[in-house]
Structure formats: structure tokens, C-alpha cells
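Just the one chain here, laid out as C-alpha cells, in the form predicted alone.
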Amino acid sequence: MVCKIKVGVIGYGTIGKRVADAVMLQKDMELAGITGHSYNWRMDIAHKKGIKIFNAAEEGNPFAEVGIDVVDGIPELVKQSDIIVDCSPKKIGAENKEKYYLPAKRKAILQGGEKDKLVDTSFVAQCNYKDAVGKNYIRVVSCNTTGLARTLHAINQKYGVEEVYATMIRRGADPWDIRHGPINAIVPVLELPSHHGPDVATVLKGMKIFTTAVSISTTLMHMHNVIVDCKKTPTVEETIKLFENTTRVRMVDNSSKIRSTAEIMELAKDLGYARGDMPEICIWKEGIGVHENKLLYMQAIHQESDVVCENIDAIRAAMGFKDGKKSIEMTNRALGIK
């Protein structure tokens, strides 16, 4: 009997709950448990799913009065796990590494809000899986960085990339988030380049990329407008075929009435993806253009889900599974990625 990888998930929010569900769908993994700081609907549903909850509250047991049995403390979850996926808010993952993972000599996957210098490698499965095999600490880069890396990696393999310019048109908040915005504004990120370009270069080594970003009044998805200076002259037809054959990338088109991020998210529901998520990067066929050696395209990124499959592959890589292509296939099959 093959022993399954015991995975603990710390942080059960937008990404954490999706990662936990994804772990439970893998034949070679089992969910050791999750952490909870306070009682909320997420904890209630996790409990009803039979997920073991570890109390991470600073004081007391907020779950006792609602009748949810919990195990005490993050250290116990770390002890019961082979590897931790830390989906905590920005900077908390770095603190947890120093406080819990290093003393316990436990491997961990951190998320894109943490600094690259904290880990052995940053990660996008189809780009640099082999760099993460056997590593103790891996950072799954942000949703936007993941989306850029997936498509730019394919372009670089086909045409070679001289330089990239991209603008991130970012959602203001996740659909459930009532605390952030903007509601009626376009907010420029007054930092040039935005963090996405340097982050891409931590995965695609040597990639010359300059990014800018703005936040707008939507909760559904991010959009990227990308201009790539290619070493070989691209064509629209070849690029369409390239993206059609790139895993975790989906071509959409205006001819089938998919003209917006709203319609992409409706497509995701009709495809039967869990939670109506869209883990694939969506590129419009009609949004691909060529001018001399410049390739231009537009892509949409579902910020809640595109990194979930990356976390699953990162678990396998950290635990020594060497075949990146097979891991991606296993993950895609388990999650129903078409």
C-alpha cells in the first residue's frame, strides 16, 4: 500500500479552502487538517465535510460554544503533516515559517504575497517544475504572475522572447469581500514596474518584462493586455494553435458570444467547474494580433482559482515526485481541468 502525502492547510480563506478541497481529490494525498482562528461559515462547512480543524485562535476556543470539536494549535497540525500549504494573508506565511516550519523541519508551500528570498524557488508547474523537486520551501506565485508565466513560457518556447510589456487591469476585490474597492474609480498602481514583472522573472529566469497595473470596479477577474517582442516573427494562426495546445490555457472567442469576464465566469459554471471557478487562463482569439515581431494578446485571470492546481503540483515536487508532466496531468484530471 502506497502511503499518501499528509497535507496540512494553514489559512482557510479564498485560496486555502480551494486548496483543501483539491487535496482531498488527489489519489496520492490526504488532508491532515486546516486551521481556524474564529468561527465563521467556512469553518462550519469544513466541519460538515469532516475536515479536522486545528484551533489557531490567540486566546481560548471560539469553536466550543458552537459545538465544533477542534485540535489545539498550529504546532500539532505541523506535527501531523508531511508538508504544509500556507495560505495565510501576506507576511503571515513568512512569520509561520520562522515560528513553526523551520523548528519542526517541515516542508511548506507559501503563496505569492511572500518574498521570493524566503523560499528555495518560486513556482509555476509547467514552467519550472524540475527546479522545485525536493525543495523544502516553495512559493506559488500570485494569480497574475501565474497567468503571465503560463502564456509567456509557451511563447518563449515557440518564438523566443526579447522583451515583454504588460498592463494588469486588476479586480478591486474578491466577490465576497465587502471591505475593499474601488466602487467608483480607477486606481493606478504608482509603482513602476508593478511587482508582477519582477515576480515573473523569479520563475522565467532572464525574462525581460515590464508591467504596470490599475485596479477597477469589478470583482470577477483580472485582465492583462500583453505585448511581446519576439525573436522569431509570430503569426496569429500559429499563436492560436500554440495556446490551444498549452495546458491550463483556454481559448475563448467573440464568435461564441464570450465578450467579457462576466461571460467567462458563466462559461465556467456551465463547464461544471467547482464553485464556478475558471482555473485556466482565458485568451480571446480575436484579441491576438501581430505587428512585425510584436505579438499582442489579451487574457483573463480568475484570481480565486488559477493558483490552486499550482499548489497541488508544488506539493508533489517538494515531496520528490520528479515527473512534472505527469503531476500536471494527475492534477488536471482530479480537478476536472479540461
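Residue indices: 1-based, along the sequence shown. All of these numbers come straight from a predicted model, not from anything done at the bench.
This protein has a second form, the form predicted together with a further copy of the same chain, left out of what is shown; the following refers to that one.
Screening 71 to 79, 127 to 135, 183 to 191, 144 to 152 for residues having heavy atoms within 4.5 Å of a further copy of the same chain in the model of the complex returns a single hit, 183 to 191. Proximity to a further copy of the same chain in the model of the complex, taken as a non-hydrogen atom within 4.5 angstroms, holds for one residue of 161, 169, 83, 267, which is 267.
Of the residues 257, 91, 231, 105, just one reaches a further copy of the same chain in the model of the complex with a heavy atom at 4.5 Å or closer; this is 257. At a distance of at most 4.5 angstroms from a further copy of the same chain in the model of the complex, none of the three residues 116, 210 and 320 contributes a non-hydrogen atom. At a distance threshold of 4.5 angstroms between non-hydrogen atoms, residue 275 is in contact with a further copy of the same chain in the model of the complex. a further copy of the same chain is not drawn, but in the model of the complex it has no heavy atom within 4.5 Å of residue 198.
Among residues of the shown chain, residue 249 is not one whose heavy atoms approach a further copy of the same chain to within 4.5 Å in the model of the complex. Shown alone here, residue 42 lies within 4.5 Å of a further copy of the same chain in the model of the complex, counting heavy atoms only. Interface residues of 174 to 191, taken as those with a heavy atom within 4.5 Å of a further copy of the same chain in the model of the complex (partner not displayed): 175, 176, 178, 179, 183, 184, in sequence order.
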